[in-house]
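Just the one chain here, laid out as structure tokens, in the form predicted alone.
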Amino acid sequence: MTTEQATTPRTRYPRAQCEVSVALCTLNGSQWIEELLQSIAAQELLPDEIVIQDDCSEDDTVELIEKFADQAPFAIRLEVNQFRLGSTANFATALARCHGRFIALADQDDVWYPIKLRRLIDELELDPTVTMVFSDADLIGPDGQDLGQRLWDARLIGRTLRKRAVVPEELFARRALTTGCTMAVRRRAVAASLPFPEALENEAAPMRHDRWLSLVAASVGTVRALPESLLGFRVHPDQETGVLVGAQLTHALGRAASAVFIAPVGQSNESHLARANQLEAAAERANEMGDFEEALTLEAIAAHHRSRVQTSGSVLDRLRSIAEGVRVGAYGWDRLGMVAVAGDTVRSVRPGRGAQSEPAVHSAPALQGEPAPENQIEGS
């Protein structure tokens, strides 16, 4: 157990007081929030409550929510932060306040299709071992027009997810596969995920709330991927983390692939150590829930991240370590895994590769990063 894990206090998550909660975080969302709330009010299966955590909006988002609350067909539990938390910590706060047996996450700028909540909750009700279910989405523009593309395909994960009805923890450990607004989570998985560990906020390789939830849910239960599109996912310039399309995506992919090879060794090392700490934190949660085999899987992947930290040792030893990682499948067998192998190899043999010889720089996007566009292309 890392020091960070040991100092993360755990408190008992209270029992459910209702069936379905929606956890919604807002920040300056006045342009979109009314359309989202109306789409939730039009659900075939209505939630019992929407728990809203506003992160110090400076527009009239809060006033619009309060206006909607006057005629909402369910409880609106709004809380405004005293200071700005950031999206990951804000969602942790919202999730901790939810009363539902099942909790669906929402983003302020999307549009839910009427069947969304019923479809997700039906899937959770069908099998008590399922701890999370998430769907695909249609991409829509700022004015709501259909962009003719699905979310999974835009994030380059459609082929991976359509091959698997059940997504194992190993895949979530290697790559970000979920988007929070598409998911619903069983209360037991939320309880296992809270409180979020400090390791998630490491600037070298931050892990967002939706990936952390997915990782823990897959470690303590079963996560299902539904290839159906259950909402309109809005793409616009002001979104904090979104999806790039067309020429933007092509350019971002090129920059991210280049960064694998040219990133300073110090930056790469910090990224691997950050990811190892996060995976070890998830393994600890799995151990607490009695899911020991899943914990061992996460610990093995974390150990591989630590083995990829480059020191001033011999080039031959480093290359042997990479070869062994490939032999046992530690990098995975997909395209991104092979890119990671190539990047480790280049960093091992190029001059000045010692960990102390280059400063850590976080300005260039890399496959290890979490913010957009890396949430589309992150690899192991």
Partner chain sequence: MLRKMKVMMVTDSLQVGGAEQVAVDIANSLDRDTHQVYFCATRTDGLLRSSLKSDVEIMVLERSATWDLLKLLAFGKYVRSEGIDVLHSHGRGTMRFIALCKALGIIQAQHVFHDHFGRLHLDRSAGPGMKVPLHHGVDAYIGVESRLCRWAIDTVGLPEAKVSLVRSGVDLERFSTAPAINLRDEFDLGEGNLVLLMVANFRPQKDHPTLFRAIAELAPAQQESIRLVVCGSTTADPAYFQGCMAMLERLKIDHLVRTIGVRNDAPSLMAGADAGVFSSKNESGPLVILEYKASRLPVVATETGEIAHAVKDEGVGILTEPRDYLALADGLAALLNMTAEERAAMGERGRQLVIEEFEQQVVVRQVEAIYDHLLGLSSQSSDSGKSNLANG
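Numbering follows the first chain given and starts at 1. All values reported here derive from a predicted model rather than from experimental measurement.
We do not show the form predicted in complex with its partner chain, though everything after this point is about it.
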| item | value |
| --- | --- |
| 4.5 Å heavy atom contact, M289 and its partner chain in the model of the complex | yes |
| Its partner chain contact at R97 in the model of the complex, heavy atom, 4.5 Å | no |
| Its partner chain contact in the model of the complex: R308, any heavy atom under 4.5 Å | no |
| Interface membership of V220, its partner chain in the model of the complex, 4.5 Å heavy atom rule | yes |
| Option touching its partner chain, based on a heavy atom within 4.5 Å in the model of the complex, out of R174, H209, R101, H304 | R101 |
| Residue (of D122, E79, E198, D127) lying close to its partner chain in the model of the complex, criterion heavy atoms within 4.5 Å | D127 |
| Its partner chain in the model of the complex: contacting segment from 281-289, 70-78, 140-148, 177-185, heavy atom within 4.5 Å | 281-289 |
| Residues R15, R224 and E293 all lining its partner chain in the model of the complex, heavy atom within 4.5 Å | yes |
| In the model of the complex: members of 151-182 within 4.5 Å of its partner chain, any heavy atom | V166 |
